[in-house]
Ligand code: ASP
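Quick heads-up: it's one chain on its own, the form predicted alone, in structure tokens.
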Amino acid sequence: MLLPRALFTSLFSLGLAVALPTAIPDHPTTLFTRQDVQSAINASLPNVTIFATGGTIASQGTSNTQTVGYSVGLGVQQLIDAVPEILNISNIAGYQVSNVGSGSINETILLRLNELINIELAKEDVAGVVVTHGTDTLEETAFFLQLVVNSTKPVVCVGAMRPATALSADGPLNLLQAVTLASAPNAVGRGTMITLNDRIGSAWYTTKNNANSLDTFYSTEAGQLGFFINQVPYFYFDPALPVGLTQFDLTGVTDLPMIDILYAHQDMDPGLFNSSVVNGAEGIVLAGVGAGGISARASIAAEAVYNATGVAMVASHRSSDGFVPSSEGGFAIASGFLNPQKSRILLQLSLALGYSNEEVADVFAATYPAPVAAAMRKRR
């Protein structure tokens, strides 16, 4: 029998003593202002809209050798001014969405981005869009957009690993390539893409693999989609979308459910599952050891919370790659190939649209290899 969420929360919250602040200091200011970034339109060029959110690509240091500790602050106009050659490729419209480090990107920004991007891409004269973004959570926004943007036109997420003031700053060339990609006819039908350091990857599998290196965004198992040669995008394959892609229509959705990610390790605290639900989590993703595993004690605690509340739980892997298989009779939904941060977004969108736990399991199962997905459907 499931307990009402409020009753379950009260049972576990009696010992909580730390009061959370009512205002979070780094809560981003959302701007969403459209800006005129060029004075004249060239009717012979395609039109691309840039949505700027902040990040290292929009940051400045105090010297040209500083590559840590810099400050976000450059606007979309300044990003374009640094690469005037962009205006030889496309006509540019700009939105200043926010100007924050990507760790501060929140549901308000994501939902508004989804709305604005869908509006832009519905215009016949817009070839594609570019989202400039901090690299730390760029893959999360890109994956979100992959799931919610209803268009075959290119959506390109781009960032930088060095601030704009650094020697050999990578942001300007990355931005030039992103705009080129967004306006390229052969980029149509490939879903949301991530491009940095000459590489083109699918938002579905691409992840940040190094905290510091320029060459950090890779899809090590599925591979890259393409590469830039002399600023021209070349693709290795014909257009194709990821297996099991579910499109979510967020029309009317004004907020997204809170989903926690719990990181498994030796001597993991079993009480973390209780704490997540007490603090308002409507779903939990486990960054498990190996193929989604946790200790016996933690597993017992997780199953008890699930049985009491029905809160959806997804087992993913803390390793950079791998596949989490589904276990018959298990309470946790297997993430398959998806890493914890992407599993969180897929679970979040499913719950936002009111999917049951069984329906959520079907969404994840659709991403598994065909024989595995078929076996899962038979079990249910």
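The first residue of the shown sequence is 1; numbering continues from there. The shown structure was predicted, so the numbers you read here are calculated from the model rather than taken from an experiment.
Omitted here: the form predicted in complex with aspartic acid (ASP). The next part is about that form.
Note on contacts: among Lys153, Arg112, Lys208, Arg199, the single residue with a heavy atom within 4.5 Å of aspartic acid (ASP) in the model of the complex is Lys208. Only one of the listed residues (Thr49, Thr56, Asn339, Ser350) places a non-hydrogen atom within 4.5 angstroms of aspartic acid (ASP) in the model of the complex, and that residue is Thr56. In the model of the complex, none of the heavy atoms of Val76 sits within 4.5 Å of a heavy atom of aspartic acid (ASP). Aspartic acid (ASP) is not drawn, but in the model of the complex it has a heavy atom within 4.5 Å of Gly134. Shown alone here, Ala127 lies farther than 4.5 Å from aspartic acid (ASP) in the model of the complex, counting heavy atoms only.
Although the partner is absent here, Gly293 lies well away from aspartic acid (ASP) in the model of the complex, with no heavy atom inside 4.5 Å. Residues with any non-hydrogen atom within 4.5 angstroms of aspartic acid (ASP) in the model of the complex fall in just one of 294 to 302, 99 to 107, 241 to 249, 278 to 286: 99 to 107.
Scanning 151 to 170 for heavy atoms within 4.5 Å of aspartic acid (ASP) in the model of the complex gives Ala160, Met161 in sequence order.
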